[in-house]
Ligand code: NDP
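Next up: a single chain in C-alpha cells, the form predicted alone.
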Amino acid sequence: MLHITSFIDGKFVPPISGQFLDNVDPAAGTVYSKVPDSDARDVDAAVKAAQAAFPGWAATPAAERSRILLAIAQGIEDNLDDLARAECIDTGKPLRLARTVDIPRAASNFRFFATAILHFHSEAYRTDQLALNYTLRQPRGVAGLISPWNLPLYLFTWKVAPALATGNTAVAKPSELTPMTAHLLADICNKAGLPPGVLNIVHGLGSKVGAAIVAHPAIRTISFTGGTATGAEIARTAAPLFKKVTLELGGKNPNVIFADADMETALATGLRSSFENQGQICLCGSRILVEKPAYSAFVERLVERTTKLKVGDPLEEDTDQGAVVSKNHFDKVMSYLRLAREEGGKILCGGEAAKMSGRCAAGYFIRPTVIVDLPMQCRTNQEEIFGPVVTITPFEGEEQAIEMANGVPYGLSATLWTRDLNRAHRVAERLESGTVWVNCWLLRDLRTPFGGMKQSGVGREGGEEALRFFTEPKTVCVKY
C-alpha cells in the first residue's frame, strides 16, 4: 500500500513518530493509502528548512522566481490526468470536475502570481521640497499555510503561489483527508527547480500539525481556510504572538432570485451552485430565496432537475454527484436532514443516502436534497451543512430579501438574479457578503480581493491583496 510522506528541505521523509493514518477513498469506503501522523517535531524540522532557505529565496530576482513558478504551473498541466484522478479518489468528487476545474485552476494560480509579481509596485511620496518617502514591500519570512479538503490542490496553490512569489518560504499543511495532490505537487516542484526548503509540506492532523504551525514562534504569517470554529481557535493562538493572519471560513450563502430574473439561467446556475462538488464548496448557494410570484414555478422546476442528477461512481464520466468526503462528514450531513424534518421542513427530493453497487457499495453517497417550508431562524437555515442540501424560501420585495439574505452569522458570498440594473446595484451594496455575483456564480477574476464578512473570516486573499498580505511594508524617508 502506498505510504505518502512529508516533503521537507526538498526531500520526501517519513514522520518522526513512525505513525501513519488511513487515507480513505470515500466513494469505495476503503483505505487506499497511508498518510503521515506528523507532530510538532516534523513541523519544527520543516520550519528550520524554511528558515535556512529564506535568505537565498528572498534575494532571488523576481524574474527568476517567476520562471520557476511558471515551470510549476506547466508541470501541473503536464500531469493533469494523474492529479485529477488522485483528487477524485481522495475527495469523491466527479473526475470530470477535477479535470476541468480544480486542476486547471491550480495551474492558473501559479501562472497568475508568477506574472503578477513582475508588476507589483510600491508607493513613493514627495514631501514638498524636503524629502522623498517611499515604501518597500519585503517578504515576511516563513509562512504557515493550512488548506482544506474540499478543493485540495486548488486552494493549496491559492496560498502557496503568492507566498512563494513574494519571496517567502513556507510550511504548508494540506488536509489529512485529501493529501495526495499536495504529495504529487512536491515532486512537480522539485522537477521545476524550486530550491530545497522553499516549500515544505507536512501531512497530519490539524490538532497536531496545524496547531504546531500556528503556535510556532518562527512562523510570522498564517493563512488558513477551513471551519469557523477552527478559525476562532487560530485567532486566539495567533493574536498574543502578533502574527499576521488571514482566515477564510464558512458560509451560508444566499441565492436571491427576483421574479424578473432570466429564470432559465437562474435555474441552471442555481442547480450548479447548490450541488457542485456535492455542495462541498464554501461559495455554494445553500439558501435559495425566491420572490413570491416566481416561487412555485421555480421550486417545481428545480426539483425536477435535481432528481435527474446522476449520483454515481466519481470515476465515471457521466456522474454528476459523487461521494461526500468522509464517513464523519456523511454522518454530519445526514444529521441535518433529520434536523430539517424535526424543524418542520418538507423534503421534496433526496433526503437520504444513495445506495450504490460494485466498488461503491460501501461509499458515502447522499442524494441531492431540496427542502422547503423551513423558518429562516431554524438551525437548518442558519448553520453551515456543507453538503448536497439546499433550502428554498419565498420573499416579498427588496427589503425582505435583504433582511433574509443577511440574517445569518456568515457573510462569504451571495448571488443576485434580476434584470433591473438599478436594483442589482442597490441590493448588492446592502448584502453583507465579501463577494456578490449578479446574474452569475463562481465567475472569478484573480485580480480581485477575496474573503468574507462576519463569521466568514477576516483578511483578504487574491490579486494584489495576497501580494500585500505576504509582504511587510517599510517606509523609507530620504531628506534632500
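Since the structure is predicted, the reported quantities are computational estimates derived from the model, not experimental observations. Note that residue numbering begins at 1 and tracks the sequence as displayed.
Omitted here: the form predicted together with this ligand. The next part is about that form.
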So, residue 233 and this ligand: in the predicted complex, are they within 4.5 Å at any heavy atom pair?
yes
Heavy atoms within 4.5 Å of this ligand in the predicted complex: does residue 200 have any?
no
Does any heavy atom of residue 313 come within 4.5 Å of a heavy atom of this ligand in the predicted complex?
no
Please run the contact check for residue 251 against this ligand in the predicted complex: heavy atoms, 4.5 angstroms, yes or no?
yes
Considering this ligand in the predicted complex, find the one stretch among 101 to 109, 352 to 360, 398 to 406, 139 to 147 with heavy atoms no farther than 4.5 Å from it.
139 to 147
Exactly one of 270, 388, 174, 322 has a non-hydrogen atom within 4.5 Å of this ligand in the predicted complex; which residue is it?
174
Given that this ligand is left out here, which of 345, 167, 368, 210 has a heavy atom within 4.5 Å of it in the predicted complex?
210
Within 4.5 Å of this ligand in the predicted complex - does that hold for a heavy atom of every one of 214, 227 and 450?
yes
Across 279 to 306, the residues having a non-hydrogen atom within 4.5 Å of this ligand in the predicted complex turn out to be 282
